[in-house]
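First comes one chain, alone, set out as structure tokens in the form predicted on its own.
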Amino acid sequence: MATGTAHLPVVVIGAGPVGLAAAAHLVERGLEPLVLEAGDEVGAAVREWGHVRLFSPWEYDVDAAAARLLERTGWEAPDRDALPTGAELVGSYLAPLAATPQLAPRIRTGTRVLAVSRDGVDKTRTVGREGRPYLVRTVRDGRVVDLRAHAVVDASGTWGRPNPLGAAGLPAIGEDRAGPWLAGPLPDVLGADRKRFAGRHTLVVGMGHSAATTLLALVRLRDEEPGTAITWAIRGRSPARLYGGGDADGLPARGLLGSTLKEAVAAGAVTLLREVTVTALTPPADGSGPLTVTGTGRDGAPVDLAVDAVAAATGFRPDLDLLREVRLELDPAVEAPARLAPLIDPNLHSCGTVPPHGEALLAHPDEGCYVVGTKSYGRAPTFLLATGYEQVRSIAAALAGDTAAAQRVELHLPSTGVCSTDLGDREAAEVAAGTGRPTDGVGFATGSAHGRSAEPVAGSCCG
């Protein structure tokens, strides 16, 4: 970046775990962060799934630079092996971090970023572009304010922009009218939303950790509330990738999540429908009663379900509109930085982790502009907080001119035990040959299949 803009702040978009970690690293490097958060409080997105327990323990959930700031205030780190809920992540970590003297005056909540551009030039202009400050357009209390920045770190995440239920990346017909039956990706099944699911039929769509979390919570509810029915629809041929590596997973809670779900399906507590394409959602004519879900299943067989609620755990997609006037180099499929995309492309990569990476893989044609955290993964799933912390550590070093530190890898992630891309094909072949356990939900319904699991855990967007 040009020295002429060095007096300006580095704007960080989003005051979630990765955004606040970015601010902590920038402060340590002697740079001036300005954190802009659309919500009224820090960690606004995390608060919305506060009832969910992460599958990664505190050891991987606290950023090193953030911990150093907190320790100056007398903060004591939580048990490194404990699994926090989203609410605990905010209460025991994010809120105290935001309150530190170094960060508190540098955070503006209730401030939404509308757009980012280069000051005085649009996206098409090349001559004179390099070295210009960034212009960040914001709105707060209805008032539009333009800010100028030395660099921009977009850590705004993907929460609030779910993928649709329909195929081809488009909403199913009638999805826009089915709002009252759509429960979101991570409903509080055993808490605030219990009445919505107890004794009713719920369809869960998706094959990530969010889907597994909701399914296992519903299994537990099924044991407590007679008449509770659970259908699980996936687009693929096999759920083997979600079932995971079991005891081989470096994060035990993540391995247990998949293996426990596998038991629930085998026991008949969950009815699994494979190769499902949802084509239409039809609300009842009088506005009350079940929602009709239609589509196709295996071998083109018709799917016709009447359900009381749909938990669409179909993943998220990034909001790239606010970066439209910035020159980004994105993979056309995953919508992640082009050099990062091959490491996380779900068509090629079945692991829940990727190699740690930093500034070199996240840089774009417009120097000093970075997309980090879950948003850097575009449409790819299973992001780990520790990965985001390594991203912003490297970026802060690069912005401070410490190229050697930016290029170093200072993170070692746990393995998943599932580094094969042929798991689905292998399980499908085993079932067809009669050597594997069928997992279509056929069998006798037994007692709780949730037995040895603690509280539900999740991580497709946060773990």
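Quantities reported herein were computed from a predicted structural model and do not represent experimental measurements. Numbering starts at 1 and follows the sequence shown.
Heads up, the form predicted in complex with a small molecule isn't pictured, but that's what we're talking about next.
Only one of 65-73, 43-51, 394-402, 26-34 lies within 4.5 Å of the small molecule in the model of the complex by heavy atoms, and it is 43-51. Shown here without its partner, the chain carries Arg200, Val205 and Val310, none of which come within 4.5 Å of the small molecule in the model of the complex through any heavy atom. Among heavy atoms of Arg237, none comes within 4.5 Å of the small molecule in the model of the complex.
Ala406 falls outside the set of residues with a heavy atom inside 4.5 Å of the small molecule in the model of the complex. Although the partner is absent here, Phe383 lies within 4.5 Å of the small molecule in the model of the complex, judged by heavy atoms. Not displayed here, the small molecule is kept clear of Val276 by more than 4.5 Å at the level of heavy atoms in the model of the complex. Contact with the small molecule in the model of the complex, judged by any heavy atom within 4.5 Å, is made by just one of Ala155, Leu218, Ala212, Ala264: Ala155.
Here is the short version: of Val113, Ala149, Ala336, Val189, the single residue with a heavy atom within 4.5 Å of the small molecule in the model of the complex is Val113.
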